[in-house]
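Next up: just one chain, as structure tokens, the form predicted on its own.
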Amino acid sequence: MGQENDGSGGDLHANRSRRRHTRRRTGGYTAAVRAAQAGKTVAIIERDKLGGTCLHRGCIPTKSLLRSAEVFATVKEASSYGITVPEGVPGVDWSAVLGRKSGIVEQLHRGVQALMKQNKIQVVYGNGRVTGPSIFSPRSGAIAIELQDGEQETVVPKNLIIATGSRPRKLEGLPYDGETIATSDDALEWTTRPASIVIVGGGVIGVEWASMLSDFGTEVTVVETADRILPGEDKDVSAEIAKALKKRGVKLLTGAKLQASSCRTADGGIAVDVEASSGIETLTAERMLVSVGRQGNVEGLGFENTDIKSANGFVTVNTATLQTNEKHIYAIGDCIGGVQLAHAAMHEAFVAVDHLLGKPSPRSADRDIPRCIYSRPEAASVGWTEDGAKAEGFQVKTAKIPLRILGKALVHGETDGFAKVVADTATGDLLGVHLVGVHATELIAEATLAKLLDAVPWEIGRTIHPHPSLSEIMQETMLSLEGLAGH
């Protein structure tokens, strides 16, 4: 969830002008449009649907479900806003929730298809494999395509961009069936909401599903091997989200290891043993959702016919240019690992296409790509965590301001959360910004721009922010870092 990317399809992007050729996903169609707008002839090879996992199995469908859950949670608290619900307790029409999700996905899918036509991008539906030097081309990079009707076609590109995405990683030893024991891809196909669930993995995807399902009334238990949920985020973010989930009845087992071999299904549910500091605990639930990371879609693409290398299940690239060992072949998005987010893939698409056009643009460091968690409350971060900055050798100073000081937060009725700023004591440089609270995923854009422009905290603090607004939390926290907070 979150901003997870890509499932099992792919984008190979070729130029027949010779054509630029892409294999699907968010990064793939973004690269295709960028190249087409630069005057290149572009083709996309797509084995499934344009738009990738972000549109079909990730960002968009999960955020639709989360929004429905948020509305349901708000309606249940309507009386606190002075609003009465005539029939008392509101209910959930799960089929309508799913219908809304599907309608949004289909609308955006049609938009991507129209975008391809608008930019005169040819879309070839089928499975593509990269071939080595042949009668078609003296160098590797031609694409042999098995079309959906069983016919064969070969595309010979000048440049190739691989954007084949990723898929959920599975834990060995679990009897996956897509219903009782499922990945996040499978869960989006559930036609009923489980009464209880064990979520394995307390990262972004696990936390979002825990938040959404708990808001709908599901009894949720999260099992995480690290000593806290969201172990990649700032410790204060992790603690705040954990507090919010526990407040809603979510059980969090951290420092715990699932014993996959003990998992059994019976009586319409699952039972599994978990090893924690307190000993072995047996968990039972109607379903299990496994969210333990993602792996790149790098198999069956013909890389053995080329000098393209992969490591740990991801394509190896030049981190600055995104070129593989074959200089005319690039790779972007989830399939190269790193930050597996749709907006990261879009950024990489621009970097790759600009480079092959001879107009190289800088690639942002992974830490400067905003990270968003669409739970309730939301969380968003950019830059170094406090502990990460210290480990890197910075002498840091921090400021943290609670959201509840803002009039707009009180008006909104959502006061949980905070803003935290991490800065370099020696230079005053902004190192990181971490937000938890309503609309945090929107507010983080200001901090991301500040990082791009090398703004220092006092510059953001002295920027006039509208009142009343949630954005004031950014201003107040930056001023607090300088000892100048007004509240």
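So that there is no doubt, residue numbering starts at 1 and follows the sequence shown. Note that the structure is a prediction, hence the values are computed from the model and not measured.
Not pictured, yet referred to below: the form predicted together with a small molecule.
I'd like to know whether Arg67 contacts the small molecule in the model of the complex, with contact meaning heavy atoms within 4.5 angstroms.
No, Arg67 sits far enough from the small molecule in the model of the complex that none of its heavy atoms falls within 4.5 Å.
May I ask you to check whether Arg287 falls inside a 4.5 Å heavy atom distance of the small molecule in the model of the complex?
Contact with the small molecule, no.
Can any non-hydrogen atom of Gly437 be found within 4.5 angstroms of the small molecule in the model of the complex?
Although the small molecule is absent here, Gly437 would stay clear of it in the model of the complex, with no heavy atoms inside 4.5 Å.
Should Gly126 be classed as touching the small molecule in the model of the complex when contacts are defined as heavy atoms within 4.5 Å?
Output for Gly126 is yes: heavy atoms within 4.5 Å of the small molecule.
Going by heavy atoms within 4.5 Å, which of 159 to 167, 264 to 272, 98 to 106, 321 to 329 lines up against the small molecule in the model of the complex?
Correct option: 159 to 167.
Could you check which residue among Ile45, Leu430, Ala447, Val42 gets a heavy atom within 4.5 Å of the small molecule in the model of the complex?
That would be Ile45.
Just to confirm, with a 4.5 Å cut-off on non-hydrogen atoms, which of Cys59, Ala36, Leu443, Ile460 contacts the small molecule in the model of the complex?
Selected residue: Cys59.
All three of Arg367, Ser381 and Gly383 touching the small molecule in the model of the complex at 4.5 Å, heavy atom to heavy atom?
Per the other structure, none of Arg367, Ser381 and Gly383 touch the small molecule.
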